[in-house]
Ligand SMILES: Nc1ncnc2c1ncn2[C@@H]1O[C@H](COP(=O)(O)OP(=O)(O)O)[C@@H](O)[C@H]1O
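Form predicted on its own, single chain, as structure tokens, below.
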């Protein structure tokens, strides 16, 4: 080897000082690299191995688990392995979607961490050739009450800045943020979760692959210049907090949404109008230039020769190590047919962006880097990608499970005043209206949004067709904490229920698997078992996993977050006439409870409200039974029998009835509220004890049906394996009246809505 940079440690110094440990590379991994190379890696090469073998890039601890997911199906055009998954939606079109986490960056720089999370997931979508049409988020923060939080002001700061970062980037680039979820628990105080999902639309003829094929073809760098921001961001995301790294702001990137907007348009211009000269395209995301370039070469079975002097740089005297590992934003890598480089340059120049040839494809399988006339790295591509370590880590049943399951989930629960309990639940931050958050998002830019935030799922129209797409994000980490396998099933079932309640057939999922340290056998048990539950549910609901992300080391001082596998799901509405929202529509409509309530209190909002903790054994769920319920409800919706539908989740059936009566009805497309919202009420009778009003039984729904459709609706359910019980009607009383075997509830719709709508804003003030 020649030409190691004088300003960097020598290969011997790298070995002797073990500097690679600061990059989260173990001694065993370093020795593995030495053995593979047959020599000592120099400083730059060691850095390449460290970042490409980081948990964030190669999923070395989770790959064996990910291989168990169902990933194929009749509609799947592209599963895991590319920038995003792709599903056929008919008419020669496809939906492209993926979710990513930006947890660690958002913990130390919440605005930029969240903003660049949005920027990164957008690039994953348009690198496939799709136009991004919607963004959703899934957020977890610490508690907002001083008596429950160690640092409530910091928690509020994180909420404010994360939301501002998502809003700023999405609004500036002109992609609507149409939905999401936000929950609060003390375990997330030191390590908030910021997961972002993007959905795109594409003509199937325009689908791209991130491959660098064809010896002699050019590798072109396009977009923003390279700086020192985000260096070792991938390894930073592969270690826990509490070891001094909570102040590593240099590992957090800085985004420019206006430049990304230009990058989107320039890349789509090339894809749509110059596809004959484009070989492959990929985002420079985690691990920057090294990750994108080696992955493109690996997928094509080729090598690359890159001249680093030609990489556009915004800072002086950058070393090869810095250039390769920088995670500066708004950059893409293209493989272009030889001789057509100027055409690409001219296109990007017209958008005010750099486009520079920095190397070429080779047929030797080597990853070769040149800087200042010297070769500074020379590694077989497969060593960095295909031959990355894969660990089958030990698992152990968490000690907490035995302790948590020895107590009855009802212990500590006492509903002596159901009205007070009901209002307290409406005010709890996880249940309360999230309008304070989503009102900052532009949810209607692009004018495709049919259902804005506020219903079970967001809905966007597919232009030039009669179809629409429903989309949601969902997970309840408490359930997984109490029983990982059952909780995994519930996460998918809840997402599917949200999609079905909007009138859509679930298509597929993406995920963000947020867990603690994989070096802890109990964490690996949580991951393994919840993945088994997730897989079982995906098979039942016919929703393969087409893309996703694993985020481990979500810990602070060895205290992990709840295991939180966020599920992002997209569904197809075959005709826009079938779109349904959760809001009651008219007085006189009959109200039905679909499914049967059970005393499901383990991990519930009621349990947390009254005991301050969670415990007990959660009930297993009947996946086939829920699927039968979904199918029957969809059939009723498609026959035009259903005016509204809302799944029963956090807070139970009482909260579901209230949210339906609150009347947010964005089906009009302008987000206006139902003009009857303040006078509509519900008169319901449920043959159960008061506490069951707040049981969280998965797979149950509250629906309203016009009187003219009641007979056919009941006939449809009578002929199915699902159950529908008429429990009351919508009326003009302006009261939420729910009679039970006990005291029941009778409160005004307006007063309850005021509590629900204003609570979060008050807590964050």
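Residue numbers count along the first chain shown, from 1. If you're wondering where the values come from, they're calculated on a predicted model, not measured in any experiment.
One more form of this protein exists, namely the form predicted together with this ligand; it is left out here, but the text below deals with it.
Chemist: Of the listed stretches (134-142, 585-593, 204-212, 84-92), which one has a non-hydrogen atom within 4.5 Å of this ligand in the predicted bound form?
Modeler: Residues of 134-142 come within 4.5 Å of the partner.
Chemist: Among 119, 330 and 353, does every residue place a heavy atom within 4.5 Å of this ligand in the predicted bound form?
Modeler: Spot residues vs this ligand: no contact at all.
Chemist: Using a 4.5 angstroms cut-off on non-hydrogen atoms, would residue 474 count as touching this ligand in the predicted bound form?
Modeler: Taking the distances in the predicted bound form, the answer for residue 474 is yes, it comes within 4.5 Å of this ligand.
Chemist: Does residue 456 reach this ligand in the predicted bound form if we count a contact as any heavy atom within 4.5 Å?
Modeler: It does: once this ligand is placed as it appears in the predicted bound form, residue 456 has a heavy atom within 4.5 Å of it.
Chemist: In the predicted bound form, is there a heavy atom of this ligand that lies within 4.5 Å of any heavy atom of residue 511, even though the partner is absent here?
Modeler: Flag for residue 511 set to no.
Chemist: Counting only non-hydrogen atoms and a 4.5 angstroms cut-off, does residue 441 reach this ligand in the predicted bound form?
Modeler: Residue 441: contacts this ligand in the predicted bound form.
Chemist: Quick one: of 180, 484, 506, 565, which gets a non-hydrogen atom within 4.5 angstroms of this ligand in the predicted bound form?
Modeler: It is 180.
Chemist: Just one of 690, 124, 650, 260 has a heavy atom within 4.5 angstroms of this ligand in the predicted bound form, so which one?
Modeler: Filtering the options by heavy-atom distance leaves 650.
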